[in-house]
Structure formats: C-alpha cells, structure tokens
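Given next, in structure tokens, is a single chain: the form predicted alone.
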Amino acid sequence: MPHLEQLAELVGHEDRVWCATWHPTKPILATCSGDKTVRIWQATNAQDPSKWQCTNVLEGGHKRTIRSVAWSPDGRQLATGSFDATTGIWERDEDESGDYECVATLEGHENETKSIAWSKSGALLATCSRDKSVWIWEVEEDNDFECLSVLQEHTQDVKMVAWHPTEELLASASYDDTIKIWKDDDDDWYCSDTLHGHESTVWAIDFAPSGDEIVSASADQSLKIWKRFPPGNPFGIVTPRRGEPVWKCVATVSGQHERCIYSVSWSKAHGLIASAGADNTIRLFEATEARPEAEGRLTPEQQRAMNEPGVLVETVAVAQVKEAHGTSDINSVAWYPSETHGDWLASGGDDGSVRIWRLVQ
C-alpha cells in the first residue's frame, strides 16, 4: 500500500508556518511564518534526503505575519505576501554571501495580502487580499512592477490565487464560497466564469498537470474537482459565453476530513492530490476519469454518481497521515514540482515546524 514516510523535520520558525513552496528546479524549500520571516531550506546531501539545513533567513521586509511565499518560474526571485498589506520581491545576491535582499515592495492593497502567484512565463504576478480584490501586476525591468488590473468581483476576503500551468489564466478562491476564473483581453482582465458549489469558504485551489481541471479545498470539509468544457464539447455542456469554455464540478470528496481543509496540492509529477487542514491529517487522493465510451460498463451506483456534465471522476483515497503535525492545524502542503523528487511532499503547521515526506509506492 502507498504511504507517506517522514524524511525530515525542519525547526527554526518561532510562530506558525503558513506556507511552504518548492524552488521550481532545485531541492530548495521556502517557508513563511507568523514570525515575519521567510526561511530557505536546502537538502545538504542528494543521496540522503533526511539531511536539511536552513541556508537563509529573510527578515526585515515586513512588519506583520508573512502569509504567502512564491518563487518566480526561473527561481531567481521570491515574492512574499504579508498581513501588512504589502508584497515583497526578494533576490539572492550573486556574491559569496548568498544573502537575499528585498528589491521591491508592492503597495496598493488596503488590507492583509493573503496569497501571491507568478504566471508560468514569469511576466505577471497576481496578489489577493482581505480587501476582496485581486491585483494583476506586470513584471518590468529593473524590478519595477506595474499594476495592470484591479479585479473586484469577489464579495469577501480572497484567500488564494493560482495560475494555469501553461496559459495566462488565473483562478481565485474566496470567503464568499466561490472560485472565479480570470482571463485577459488585450490587457483588460475580466471574470470569465464563477464556480458555485462549496457551502463555505474556499481556502485553497490548484490546477491539474494538464490545466483542464482545478481542485478546491473548503471550510465545508470537502474537496471539489472542476473540469473545463470548451464550446462544442462531446458532452453537450452548454457554454453561455460565445467562444468561452465553462467550468463544471465533476467530483466532490466529502467525509474524509473532519474539519476545515486549508491546503491542497495536485502533483505535476504523478497526479496525486494532497490535502490537509484543521484535523491535523494529510490525505492523498487519486482522481481518475471514466471516458464516455466506458459508461456502458459503469455500475448502477456509478451511474447515479454521474454529475451534471455526465463525466464520472472517481476519487480514491490512497494514503493518510494522522497527527502529521501533532495536535496542530496544517496550513500548507506542497508536492515537489517535477519528477526529479516528485515523491517529496512538504507540510507546514501551527506547531511552527516544516516536515518533508516521501511517497512510498
């Protein structure tokens, strides 16, 4: 049976860990905390993944909790989003010190910055806030950032933003129980779809490796999988906007978590979904889709489980770790982004610790 084994526990933060994120190409992890710092952790021995060290502590850039941290796609910059309503941009000095310097501070949000995300090209940065807005920034030369658009269609606190893995398409999740999809029309950003279905705050979202599905995690203790249906799709799903795809819920996973789900990560290496939250448990799921031609072989129970689009996505619980951070809430889970160490999962919790897990098949 597949299971997660703990490789290492990384201790150093003096308050809860809010977010853990992997460098796009190297075995380096960035974590941020209520202690107003970011820590950079590196595996010291490629042959022994249980050995890690903290190589840098980024401090002095924010006056309050750092809620979110994200690497640029080329790994040269790090963005930090803070409860002080600002976003910091950090670069590593090329000299021997290897220290990180805050080279830009983005201001504009009226309240706590909750999440930040770089587009795949690295040309755009998205930020979201308790002020109910999503901002799209264009990355310019000499560490200048220009605000291209302020998106204000959410009616409550925006908890998270996530970019499509290949397209300039943005998803945002909110305290208003919805997910919104944002697209660009000649630098004019607009909401192309609003995903309704969760019964409470949507805390986290992540795209599937293909970008054609999104997984969402909510305070209603469920995960949902949403699928994109283009115009003229074989399922006959109506697409209200001319030429625009529409997103529909194709699976709901409930009864697995006993409290709020705060974080979800869809592996780009092996396709497993990891989720974690206030029940101190990490869970792994596999999502598989029954093709239309296989419908004749579905059981009556599966037929009844068919959702509105007529697509059956089955989610199978693969593994779990209870009390993964003792009795503490788990705020973040993140799969390693490539196949090199695709079986590594990082987690961060209210106990102030960061843990590295390995999937054993």
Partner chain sequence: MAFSGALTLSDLNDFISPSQACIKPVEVAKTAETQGAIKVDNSGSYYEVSQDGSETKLETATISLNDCLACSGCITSAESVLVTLQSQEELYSILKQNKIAIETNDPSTHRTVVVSISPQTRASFAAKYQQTPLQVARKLTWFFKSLGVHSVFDTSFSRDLALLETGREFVDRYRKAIAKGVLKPPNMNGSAAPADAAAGGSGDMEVDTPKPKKRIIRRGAAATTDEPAVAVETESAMPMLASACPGWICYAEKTHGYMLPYISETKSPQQIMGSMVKNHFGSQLNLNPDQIYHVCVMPCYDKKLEASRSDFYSDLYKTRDVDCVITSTEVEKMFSEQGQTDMSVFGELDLDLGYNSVIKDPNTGADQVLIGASGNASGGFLEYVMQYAAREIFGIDGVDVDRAVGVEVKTVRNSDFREVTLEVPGSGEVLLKFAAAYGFRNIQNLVRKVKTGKSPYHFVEVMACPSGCINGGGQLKPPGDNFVAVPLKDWIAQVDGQYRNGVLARKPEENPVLEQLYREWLGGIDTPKAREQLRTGYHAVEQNLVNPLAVKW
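Positions refer to the first chain, counted from 1. On a predicted model such as this, the values are computed, not experimentally measured, just so you know.
Not pictured, yet referred to below: the form predicted in complex with its partner chain.
Put simply, of 71, 207, 137, 226 only one has a heavy atom within 4.5 Å of its partner chain in the predicted bound form, and it is 137. Interface residue among 266, 118, 145, 182 relative to its partner chain in the predicted bound form, by the heavy atom within 4.5 Å criterion: 145. Looking at its partner chain in the predicted bound form, residues 59, 132 and 149 each place a heavy atom within 4.5 Å of it. Stretch-level contact analysis of 107 to 115, 207 to 215, 190 to 198, 234 to 242 against its partner chain in the predicted bound form, using heavy atoms and a 4.5 Å limit, identifies 107 to 115. Contact check for residue 175: a non-hydrogen atom falls within 4.5 Å of its partner chain in the predicted bound form. Within this chain, residue 260 is remote from the site of its partner chain in the predicted bound form, having no heavy atom within 4.5 Å. Taking non-hydrogen atoms only, residue 322 never approaches its partner chain to within 4.5 angstroms in the predicted bound form. Shown alone here, residue 101 lies within 4.5 Å of its partner chain in the predicted bound form, counting heavy atoms only. In the predicted bound form, its partner chain lies beyond 4.5 angstroms of every heavy atom of every residue of 208 to 243.
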